[in-house]
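Given next, in structure tokens, is a single chain: the form predicted alone.
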Amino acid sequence: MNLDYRSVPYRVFENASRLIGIIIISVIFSAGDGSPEGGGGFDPLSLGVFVLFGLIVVGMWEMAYVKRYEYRITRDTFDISSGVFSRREREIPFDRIQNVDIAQNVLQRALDIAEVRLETAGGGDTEATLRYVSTTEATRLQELISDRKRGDRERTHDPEAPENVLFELENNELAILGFTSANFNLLGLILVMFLVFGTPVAAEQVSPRLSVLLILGPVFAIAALVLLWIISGIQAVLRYYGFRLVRHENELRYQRGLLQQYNGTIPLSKIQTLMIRENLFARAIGYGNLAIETAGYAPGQGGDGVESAIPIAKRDRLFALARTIEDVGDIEFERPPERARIRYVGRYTIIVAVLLGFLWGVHTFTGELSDWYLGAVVWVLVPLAAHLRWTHLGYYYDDDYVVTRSGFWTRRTTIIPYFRVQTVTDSQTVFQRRRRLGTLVVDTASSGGFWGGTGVAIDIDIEDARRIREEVNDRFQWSVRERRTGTDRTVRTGE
């Protein structure tokens, strides 16, 4: 089978960079030296001929690529032959294929074509991408590969079969998602700009007239934060518009997107961890999101490596949905000991002292900031900051799962089945040893970025950390033995 020929004009448009290069060359060769003997300069007719010739060449190349790109479905593999002059042959075993995702932008939907991505567990890389097949063919391939992965070679998809819808994003939830999707990745840069351009020293050095920056600096910083908030909210709405999550046999399937639509799969057998994330704004109104991380690949990975399986929902509903995937019971977190909170007071006091030292240095070398010592007022916030950090830490474990919680600005609750554990470690920093504290890290095979795939219990009693490490390791061994003699993992249907 070949790619869809309707993709040829889109592929020509997609490779506009080649046409731009052709146009530049055309302009160079169609221009004279500006004199009558040189042809009078720019020649539109010659440019048109070059552009037309370039379009024909690119179109012929794309036509040949589509014709020479062949894919075949055998009993156990998905085979691909590609290349116009240099041929490349690939055989992808079905049991290696982890996700089959379908992507369509606005132009592709108008042409009724789609991009099919075959992801494997080899670190999240795309094993193969079919650019492009018809929408009908893309759906057929997704269903067929799903059946072959289960070993069902005879079954055909029934489009009229009812779906087990687990979650659909409603309009009011979409609005809440946009409101709570503030992205402050550039907050540090904005604060630096404010410190540089919003201080008396900077204003006087640039020009005495620019002391108005003392007033406009905070205004600009607030305006920039509001702008970032609006942009990140719009991005979230466009990304998750029309989101729905359904259960299909032994996998989950999601659909989302307005301008760029995605239709992806999440194999249940590959799920490593569940993570409920609640940023400050969402947590204040009782909302959060649920991330599902799989081995080697996070479904629909974004820039941070972790993608929401449920973009926004009430906190109780998130835990109920999580329990349809992992049957974890009621979670009662054990907080770190009180001495951990004292440690945070000391840590934040040091930060305030460094700030005061900086302000004193500015006063000493410039003569400005005569009231530099007023910066000590910031220390009033230290006990509150230490308490908030301590309050949002915790851990829990039972016979089947270990659960950790951490983070204030974005609180992360990570649920890890014992049979998914890769490594369990405990560690101590120099400062933790003074207070007999430690950190327990429970790692899995997920590649969900910096925050993905790892459960971390921070600043717990070091003896507890070592005891839990041994228990998690023992329960991992027991869980593996149990599953070798038990049944395959499936989604539990709860109320």
Partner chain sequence: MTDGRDETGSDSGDRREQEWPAWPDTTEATEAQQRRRTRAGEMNPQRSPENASQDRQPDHYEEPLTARTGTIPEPRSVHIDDDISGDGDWVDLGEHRPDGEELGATDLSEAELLEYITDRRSLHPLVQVHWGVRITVGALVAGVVSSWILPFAGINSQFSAAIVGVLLLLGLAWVLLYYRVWVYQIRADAIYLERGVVTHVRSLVPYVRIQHVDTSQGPIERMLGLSTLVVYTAGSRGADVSIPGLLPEEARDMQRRVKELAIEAEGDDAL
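Residue numbers count along the first chain shown, from 1. Everything numeric in this text was worked out from a predicted model, so none of it was measured.
Below, we refer to the form predicted in complex with the partner chain, which is not included among the displayed structures.
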Contact assignment for the partner chain in the model of the complex, among Arg253, Arg256, Arg420, Arg131, heavy atom within 4.5 Å: Arg420
Option touching the partner chain, based on a heavy atom within 4.5 Å in the model of the complex, out of Thr364, Thr425, Thr391, Asn164: Thr425
4.5 Å heavy atom contact, Ala295 to the partner chain in the model of the complex: yes
The partner chain contact in the model of the complex: Arg436, any heavy atom under 4.5 Å: no
Close approach of Arg277 to the partner chain in the model of the complex, 4.5 Å, heavy atom: no
Exercise: Gln477 in contact with the partner chain in the model of the complex, heavy atom 4.5 Å: yes
Heavy atom of each of Glu14, Thr139 and Lys149 within 4.5 Å of the partner chain in the model of the complex: no
In the model of the complex: members of 91 to 113 within 4.5 Å of the partner chain, any heavy atom: Arg96, Gln98
